[in-house]
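Below sits a lone chain in structure tokens, taken as the form predicted alone.
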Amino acid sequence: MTINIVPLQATIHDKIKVKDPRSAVILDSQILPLVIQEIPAAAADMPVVFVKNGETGQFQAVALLGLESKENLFAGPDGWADVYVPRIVMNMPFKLVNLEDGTGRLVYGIDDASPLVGDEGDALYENGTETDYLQMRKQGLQSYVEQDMITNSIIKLFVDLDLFVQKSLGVDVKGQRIQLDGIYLIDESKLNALADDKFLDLRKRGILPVIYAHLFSLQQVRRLASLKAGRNAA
């Protein structure tokens, strides 16, 4: 998929409209990043796990959307099913980008090549002025960036507390055993073994519900198996 992020400008994008991101066809994303604040909602529909960047060693919270590489069992030719849609998708086709002027300033950009961009949907400008729709989308994007920074600090806290454990998740799909490797989970035994002050700190910061939502979401792996079996049978 071609991505061409350019700064938003009324003089260039005054005629552009944007369709609902849930109509985006994303069939090749087995995982999608999540911010901490959306984990409880995502966990109600899909497994939420952590992955580790092999180059940087950084951990990231992700929604697990499929059982094989480039497989998304929640999206099809008509867009997303009636499930939670990660905010990284809901931000499409917008993104905050760095200006190429050396100042480090961030500006709102749009992916001109996105299938969401065209002559259908919501207008971005009216008579050279931002529409309420565009202002809402920009506010959502700014909020996401701020929450992503909070997410990074919380994941760093998990690392500092040594809460992650690497696991393999196995599931049967019509007699075929599928193994998911490279996955990290919060180790509940390590969580329960924390010193009282550290555990209390997690509770006071509202992080415990997020951890328990993540652990509960692992039951959704069976849902992926069911979805895959249904898709294979179609």
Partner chain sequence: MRPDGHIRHILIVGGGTAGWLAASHLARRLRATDPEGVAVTLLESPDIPIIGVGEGTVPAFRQTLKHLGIRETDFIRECDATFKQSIRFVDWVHNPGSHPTRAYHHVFDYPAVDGLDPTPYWLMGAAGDKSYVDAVSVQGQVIDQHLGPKLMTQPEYEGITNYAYHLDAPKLAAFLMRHATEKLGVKHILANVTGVEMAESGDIAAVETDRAGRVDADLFVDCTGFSAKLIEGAMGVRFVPKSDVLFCEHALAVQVPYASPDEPLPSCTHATALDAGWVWDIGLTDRRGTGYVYSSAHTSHEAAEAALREYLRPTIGKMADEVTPRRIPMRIGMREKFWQRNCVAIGLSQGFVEPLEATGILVYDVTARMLAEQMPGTRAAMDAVASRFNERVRYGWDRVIDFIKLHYCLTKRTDSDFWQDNRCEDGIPEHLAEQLAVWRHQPPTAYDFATRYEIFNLENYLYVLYGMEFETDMVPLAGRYGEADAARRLFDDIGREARELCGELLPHRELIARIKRYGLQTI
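Note that the structure is predicted; figures quoted are calculated from it, not measured. Positions refer to the first chain, counted from 1.
Keep in mind that the form predicted in complex with its partner chain is not shown, yet the notes after this line are about it.
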Listed residue that, although its partner chain is not shown, lies within 4.5 Å of it in the predicted bound form (heavy atoms), from 69, 56, 179, 189: 56
Heavy atom of residue 164 within 4.5 Å of its partner chain in the predicted bound form: yes
Close approach of residue 198 to its partner chain in the predicted bound form, 4.5 Å, heavy atom: no
Residue contact check: residue 81 to its partner chain in the predicted bound form, 4.5 Å heavy atom: no
Its partner chain contact at residue 159 in the predicted bound form, heavy atom, 4.5 Å: yes
Answer range among 169-177, 38-46, 198-206, 58-66 for contact with its partner chain, defined in the predicted bound form as heavy atoms within 4.5 Å: 58-66
Contacts with its partner chain in the predicted bound form - residues in 179-202 whose heavy atoms fall within 4.5 Å: 184
